[in-house]
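Encoded as structure tokens, the following chain is the form predicted on its own, with no partner shown.
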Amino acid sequence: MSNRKFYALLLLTAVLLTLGIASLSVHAQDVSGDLEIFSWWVGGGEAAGLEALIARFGELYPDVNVINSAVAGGSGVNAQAVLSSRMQGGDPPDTFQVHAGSELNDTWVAAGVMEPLNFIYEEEGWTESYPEGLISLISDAEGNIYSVPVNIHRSNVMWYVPANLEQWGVTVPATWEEFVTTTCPALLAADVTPLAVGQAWTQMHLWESVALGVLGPEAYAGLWTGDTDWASAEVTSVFETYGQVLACSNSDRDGLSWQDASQRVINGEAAFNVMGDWAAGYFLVDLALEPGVGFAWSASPGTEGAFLMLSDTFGLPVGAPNREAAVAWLRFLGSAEAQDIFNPLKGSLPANTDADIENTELYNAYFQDAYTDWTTNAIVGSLAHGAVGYGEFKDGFSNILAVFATDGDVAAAQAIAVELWNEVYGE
């Protein structure tokens, strides 16, 4: 058995032993048939977490045959295209993964293809177990709730290896200005890539951390409400800084997955990577690294005190082939036990506040640190991961960033972004 598989098995065993197999309050019912679960969790800690959930669900509902219809592609880029085709063709899965916020509400809820789940929340008492702000992200204006969050992720995390930074004589930059003017030149002189960056969606992920670091939480949030003018000097500064940051990254970024970029940091080829905390799951499960030693973290430069969030959720599409089994899955998924099974493997925080977050056998130093920030920081939403920004804007903005990565034209990128904003939001 490989070290990676052995470590994953140890972690899963610890999760199950700590929780106790009989602790779930959701009781097996007379549910049977096929249950198709559609997601983009195909590797690393996220796949291990999903497989652990499916295994436990199978013990609770032995007559249900779970079909794991996961589609590869970071941040759901490929899965969302497949899902759109299926939904438009009248072939919905029984349940599917969707980011809380705009991705859920402006796409699927607005189209009228999701069932409200208020009855589950009322019966399970979840209106007291989930933060009010999170429930608002998965609800419409009338108070109908449309999905079950399984986790909370942080987007604005900078990952590094402490021993490597010490060897190269650099420290974690407090601001993007420090990174560009001091950290980047020192690392380039040591023949080290300052920042590992991957394919298109990870570049938008990086852009939003740069924007948050330059603008601060209030002005960043204003980008999605119209309170911050996309034509302003502040947004010009965001694009200027982002261009300088990209100049400190690898030229082959478009050919790398997020795992590839993270691996370069671990290998000592690159000093830093800005990625969500699913990277923690990758470091823990795939690479069997010790938190604080094999890898470490900080808020991305300039974002200390701000938590750039996203949440993976599952909903119930209208016309689900096996509605009864899908409802059973959603009841299970939102329980504290299910979230304590999943999140230590995924590298995320539990969304259900009844989860055992203080249990250090389940949630290591990274989780404890992140949970403190989640409960004390200013919370803002991720564009790259569907919490804010209409899908049409996100898609168009991805194209803007792709061109900008090639030509670096700040004025052109900002002007087109202003046009896109006006077109999508009707200003």
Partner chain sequence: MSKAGRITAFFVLLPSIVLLAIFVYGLIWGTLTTSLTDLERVAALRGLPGQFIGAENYERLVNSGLERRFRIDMVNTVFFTLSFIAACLASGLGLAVLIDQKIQFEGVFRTIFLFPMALSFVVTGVVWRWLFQQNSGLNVLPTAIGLPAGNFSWHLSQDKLFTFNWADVPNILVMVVCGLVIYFALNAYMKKKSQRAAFLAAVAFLLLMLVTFNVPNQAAPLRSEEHGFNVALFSITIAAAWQMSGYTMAMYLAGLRGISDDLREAARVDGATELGVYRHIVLPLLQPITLSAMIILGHISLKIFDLVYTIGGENPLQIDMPGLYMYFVTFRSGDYGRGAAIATIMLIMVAIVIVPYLATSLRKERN
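If you superpose the two forms and keep the largest set of C-alpha atoms that fall within 1.5 Å, you have the rigid core. On a predicted model such as this, the values are computed, not experimentally measured, just so you know. Positions refer to the first chain, counted from 1.
Unshown form predicted in complex with the partner chain; subsequent notes refer to it.
The partner chain in the predicted complex is approached by residue 254, whose closest heavy atom lies within 4.5 angstroms of it. The closest heavy atom approach of residue 87 to the partner chain in the predicted complex falls within 4.5 Å. Using a 4.5 angstroms threshold between heavy atoms, residue 410 stays clear of the partner chain in the predicted complex. The partner chain is not drawn, but in the predicted complex it has no heavy atom within 4.5 Å of residue 115. Screening 175-183, 228-236, 211-219, 72-80 for residues having heavy atoms within 4.5 Å of the partner chain in the predicted complex returns a single hit, 72-80.
Note on contacts: among 356, 106, 324, 140, the single residue with a heavy atom within 4.5 Å of the partner chain in the predicted complex is 106. For the options 190, 110, 247, 287, the residue carrying a heavy atom within 4.5 angstroms of the partner chain in the predicted complex is 110. Within 4.5 Å of the partner chain in the predicted complex, a heavy atom is found for every one of 405, 416 and 419.
In the predicted complex, the residues of 363-400 lying within 4.5 Å of the partner chain by at least one heavy atom are, in order, 390, 392, 395, 398, 399. With the core superposed, residue 269 shows a C-alpha displacement of at least 2 Å between this form and the one not shown. With a cut-off of 2 Å and the rigid core superposed, residue 105 has a Cα displacement that falls short of the cut-off between this form and the one not shown. If you fit the rigid core between this form and the one not shown, you'll see the Cα of residue 322 move by less than 2 angstroms.
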